[in-house]
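Both blocks below hold the same protein chain, though in two forms, and each is given as structure tokens: structure 1 and structure 2.
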Structure 1
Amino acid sequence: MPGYPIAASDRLVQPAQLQQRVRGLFERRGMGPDDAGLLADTLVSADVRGIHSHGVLRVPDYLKKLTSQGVNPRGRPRVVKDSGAVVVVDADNAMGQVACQFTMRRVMDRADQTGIAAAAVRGSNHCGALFYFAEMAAREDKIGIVATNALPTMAPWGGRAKILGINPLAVAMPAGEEPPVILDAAFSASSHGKIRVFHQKAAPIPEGWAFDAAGRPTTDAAQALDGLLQPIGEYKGVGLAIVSGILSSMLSGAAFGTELGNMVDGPEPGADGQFVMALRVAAFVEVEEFKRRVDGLVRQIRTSPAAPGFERCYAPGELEYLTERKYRAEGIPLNAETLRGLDLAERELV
């Protein structure tokens, strides 16, 4: 997968200092210390894994959500329907990160009793990178599955109207000596946020990521932001986005597609939904045997022969794990525009 271009103006920032800075901004926007800390941790955790599209780049947008865009900085999610292994959560118009952490904790607790548990969430908002919540389950010897709906940025296959979101899905599976296997992917070739990073750096995006407004393929980041995201696997990616979106919205009554708002006028507050699931590994198979076999698969992938043009093969989440080790030791490279966004936010909060 193509990485972000590194610019000479990028500056290394220590994760702990960045998290403290961002947490303070959210507290000053009215969030409680725990929720502000969670929100900051999810963003910095994305940056430290190299997922800058869901990192502190989003701080100015999130601050707007908590003020002029109507998101409740003190929202308190609650269970509104309980059906044994299934619950429905109303997020109280809180940030999606608050809703997803609350919900994953509930389904993990329920999976301890039932082996498998799921929840549908309504009244939520943008929840950031999904790996953060799926990995909560993997750390407790469970398989975590999280999906969310998203603002429409894709067209049905063969169309050119933005009516579908990229509706990502994350799955995290525990391993033994190896890092957990974590897939966190939208059903588009790239996320809107990732294209924003390329646009900030005045760099062309890779081929196959986006269409312009007329539905023609483009490598121009500005045209891509005004246009459409390309689905992975053509009609298959569109189909997967539809399925993930239905799970994330129609089981709880959350909005779907154009009901969520749009990229020009912004999202409708409290319209997002998520789907959260936990499977207790021990309910299926002995945990250590499962982890041993996952380790074996990761090592088989790692040692498999590389094709021309590739250095080696990686299991899902392994490249991000290695990036995190590097960035925690050396600092996170942040581009000048992201840093300016943080500086401006701090000045506006004085």
Structure 2
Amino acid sequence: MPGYPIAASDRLVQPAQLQQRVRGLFERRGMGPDDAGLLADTLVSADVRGIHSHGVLRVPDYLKKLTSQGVNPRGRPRVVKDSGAVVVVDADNAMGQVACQFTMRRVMDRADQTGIAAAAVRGSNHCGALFYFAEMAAREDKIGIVATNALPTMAPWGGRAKILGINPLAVAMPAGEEPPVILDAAFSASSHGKIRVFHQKAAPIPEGWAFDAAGRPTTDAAQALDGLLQPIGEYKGVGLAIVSGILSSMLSGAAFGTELGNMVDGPEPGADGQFVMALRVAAFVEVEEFKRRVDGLVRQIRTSPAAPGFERCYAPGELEYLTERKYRAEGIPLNAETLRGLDLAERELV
């Protein structure tokens, strides 16, 4: 669950303004207006939910990717295989967001006929926060499931070779009066981004977050950045990451783990893959009954007593939903570094 501190140097930015500004940057980099608008919307949607690690902080990096040697700003995903309730998509080296939106739309349409449908995507790139695409399904009374490949930052359990990604998974489930249940999580205990923040502050990282380069647990942020992310639940998290990664890459011919690249040189453009699935609730049970029960669970969690040191419990995605309500009303607090990144990008693109 996100919980970034709000610093005195943070500035409040209106989501609509931010979206427009970022969209303009991507358009100037050669993207069509719709794709630029989508990419901007996915980033701002992450910021608005408090998930700043996947917000407009990424703009400078994305602009760097969108060059003639890199990601194709005009890439057009297309279905290359279609059988029954399954499609395979070639993303044409577009940004992963463009590929994921295209693919989730097709998978949802197919699930309208078949109840469940799935797609594997190849020729793709970084796709940002996954919840955005899973939530598309929840808005149509479907369960959305999206997984992606990631650059290798973990070792197999008991190992020290950086050969596995943290390959995140997002699931969104429609509720009735309550916010949808939305899980969006990588299978590591933490992330490089969070460890970098501790490193900048010269603070030790919590136990359980990282191993050093030799595979030993460490709380030293510098050694952690040089080393490995720890999985959640030891071999369980590793296994989940492997499964998520195989679905996201080997069902379409996308790159897996070390085939994708490394954290120093970044990913091979167009080598990434995703897995996208939608289940139409009405194919299983009455939609109203399902939503009533999800509502009941969300309320049961919300009203359940807190443990010492906690204020209350949240259903998956509830804290982000509350953050979104607040930030949409009051503006998104963005830190100085993120704003400087946007300013610099703007100047470079003139």
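Counting starts at 1 and follows the sequence of structure 1. Each form is matched to the other, and the largest set of C-alpha atoms that superpose within 1.5 Å is called the rigid core. Quantities reported herein were computed from a predicted structural model and do not represent experimental measurements.
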| query | finding |
| --- | --- |
| Chain form predicted together with another copy of the chain: structure number out of two | 2 |
| Residue shift check between structures 1 and 2, rigid core fit, Pro217 Cα at least 2 Å | yes |
| Core-aligned CA displacement of Arg122 at least 2 Å between structures 1 and 2 | no |
| Residue shift check between structures 1 and 2, rigid core fit, His192 Cα at least 2 Å | yes |
| Distance the CA of Gly227 travels between structures 1 and 2 [rigid core superposed, Å] | 2.7 |
